[in-house]
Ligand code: SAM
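Below sits a lone chain in C-alpha cells, taken as the form predicted alone.
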C-alpha cells in the first residue's frame, strides 16, 4: 500500500512539472533582487560563495562531476568546472535540457544571460571579471553531455553513463525537495543519487528550508517538501553520507518576492561513507 502511495505521489509530482516554464523560473529566481551581485546579502552571491569555497578547499577532486537536476541553470558548476575535467548536466525535463543546450552550443536563444554569473565567479577566483570569456569556454569544453535523470528510480541514470565506481562528486541544487511528494521520498532520492557516487566521493547539496511551494511558471504552483535543518541532517545520515559542513542563509524580507514561501536556504558539504 505504501509503495502504491509513493508511486502515486511521484506521478503527481511529474504531472506538476509538465507546465514548467524555464524562462519564467529564471526570471523569478535568477534576476535582482535575488541575483544582485552588488549586495552581500543577496541569495545568489551567497550560493556562489558556498560552492566556490567547497570546490577550492582541496578535498573535492577527481575526474567527473555530475550535476543532479540542473534545471535550466548553470551557476552550480561554474566553480566545479575548474576542478573536474568532465562535467555532466542532468534534468528530468526536456525543456530544461533544451535550455542548457542553447547555451552550450552558443547558438543564442537563452532565457538568461549568464555573463554576470561568470564574471562574479571569476572575481571569487581572484581573476579579473573580463576573464569570464575564458571561463565560459572552459565550461563548454568540460560539459560532455546533458542527460535525462529520474531521482526516484533506484538507478537514476542509465547504467552505462558513469564509470563502474561512480562519479567523484555530485552537486545538486533545489532538486530533491522540489520533486519529492514527502520526506521519505526525499530521503530515498538522496540514497538513489548516492549510488552514482564513488565511496569517499563528495556531495554538495543546496536546498530550500521551510518551503511548501514555488511557482514554476505563471500559475504553475509546485509543492515542495518543507525541510528543517534537522531533517536534512537525518536524511543524509540515513542515506549513507557523513556531514562535513552545513551552512544556512535566511532570506531578507525583500528577497521574499512572492514566487515561493521559502524562509531559508541550506548548503551541505558531505562525503559518501
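Note that this is a predicted model, so its numbers are computed, not measured. Positions refer to the first chain, counted from 1.
This next part talks about the form predicted together with the named molecule, which is not shown.
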Decide open versus blocked for this chain after superposing the C-alphas round the site and placing the named molecule the way it sits in the model of the complex; the blocked call needs 3+ ligand atoms within 2.4 Å of backbone or C-beta.
open
What stretch, of 124 to 132, 177 to 185, 77 to 85, 160 to 168, brings heavy atoms to within 4.5 Å of the named molecule in the model of the complex?
177 to 185
Might residue 142 be said to contact the named molecule in the model of the complex, defining contact as any heavy atom within 4.5 Å?
no
Would you classify residue 98 as touching the named molecule in the model of the complex, given a 4.5 Å non-hydrogen atom cut-off?
no
In the model of the complex, does residue 152 come within 4.5 Å of the named molecule, counting heavy atoms only?
yes
Residue-level contact is defined here as any heavy atom of the residue lying within 4.5 Å of the named molecule in the model of the complex; does residue 173 satisfy this criterion?
yes
Please state whether every one of the three residues 17, 69 and 93 places a non-hydrogen atom within 4.5 angstroms of the named molecule in the model of the complex.
yes
Let me know which residues along 194 to 229 have a heavy atom within 4.5 Å of the named molecule in the model of the complex, or say none if there are none.
214
